[in-house]
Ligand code: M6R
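In structure tokens, one chain follows: the form predicted on its own.
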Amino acid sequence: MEYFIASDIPAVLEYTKNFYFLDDNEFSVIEKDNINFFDKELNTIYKKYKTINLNCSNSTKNGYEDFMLKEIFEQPKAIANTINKRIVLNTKCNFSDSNLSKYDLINVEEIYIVACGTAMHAGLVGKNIIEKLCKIPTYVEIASEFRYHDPIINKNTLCIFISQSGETADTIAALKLAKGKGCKTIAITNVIGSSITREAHFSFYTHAGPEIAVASTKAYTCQIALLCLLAIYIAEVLESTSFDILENLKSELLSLPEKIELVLQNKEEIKKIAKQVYLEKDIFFLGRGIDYAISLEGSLKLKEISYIHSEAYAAGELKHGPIALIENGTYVVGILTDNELISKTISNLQEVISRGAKIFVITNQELFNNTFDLVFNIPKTNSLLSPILSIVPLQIFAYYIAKEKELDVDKPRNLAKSVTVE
């Protein structure tokens, strides 16, 4: 018999599927053939192990050069796993496994989405979707900041906490704070039995499968898909959006795996672009509305694995300072999918072109008489869902730039998969 100690399930999934979970102020003493558990008063407590049925093959590269590339290509299947059991056309989304009811939602006056890093960026997309469908004011907070500014929340506040690993220390601490103030709490995570799920009132799993690469890809897109499903469900319960609009959105969600496959089929086009720019020292990302949220995540992916200095800006903010950074040859990535803001974003991109910038655009629009250097087209979808498609080429872009620089894309310097300390 042997025992393993780890902060995250995937770390030892290759060796066992049986796990004991320690809660706060609990301890274990491991001996050669025995394990005992104690509370903070050193009283013996009984724990039963839980069996986690995750596929160990998902923790291997399966012929891919890197875990990150494998996980980028797993996104169609991961998205399908996230949505298929919850979407039922012509009836309400299925959240029966959580017991989240109309009673829990009817008095909600505001929603907070709290997370860190990539999960927080997913929250920014979720905010847009929730406000559009549910008509409830929604705020996105960085978990490490939320904890310390004494948020004005109460029993009529719904707090959604997102963590890929379910072990993010700041996010868990923020959840405990919200519970202490009487809020209803929801956990969104990829890891069954993780700490965040044991703390929250309700837990929803993305079912994306193990994500090994430090830079999150499939977990992020699945978080957005699940937030969209949750928004649809709340809108159905509260009757805040018409039946036809919600049914159309469900149909568009169901078509996403096939559309992501179309993007992945054109990875060589992105690879060629990466070879042209991998020596750049500074790259800027611009977008408006929901495209700004994707700019933030695209910029983060590039930072994380290529170590290129990168910044994302809301395109309308250019004239308020950032345009001073643009000079001849500066590389700018523009995101153009938000139907209501396309013309304004194009105008902002023209401003940087006039100052000598080189422009790479990701879009689902037909662009006529454009002066952009490079354009990558993605399939059309509902604008609320466009981030799930527009981020995929940016993930590939960051990946191939890092490969051109001969960097370890799975284990970028100074970073860890599960951030279990402040």
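These numbers were taken from a predicted model, which means no experiment stands behind them. Position 1 is the first residue in the sequence shown; the rest follow in order.
Although not depicted, the form predicted in complex with the named molecule is the subject of the following passage.
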Which among 308-316, 102-110, 283-291, 211-219 is in contact with the named molecule in the model of the complex, heavy atoms within 4.5 angstroms? 211-219
Listed residue (I130, I270, V263, A119) with a non-hydrogen atom within 4.5 angstroms of the named molecule in the model of the complex: A119
Among the candidates L300, C183, L124, L229, the residue which, in the model of the complex, approaches the named molecule to within 4.5 Å (heavy atoms): L300
Flag E304 as yes or no: does it have a non-hydrogen atom within 4.5 angstroms of any non-hydrogen atom of the named molecule in the model of the complex? yes
Contact between S163 and the named molecule in the model of the complex at 4.5 Å, heavy atoms? yes
How about T206 - does it come within 4.5 Å of the named molecule in the model of the complex, if we only consider non-hydrogen atoms? no
Looking in the model of the complex, any heavy atom of S194 within 4.5 Å of the named molecule? no
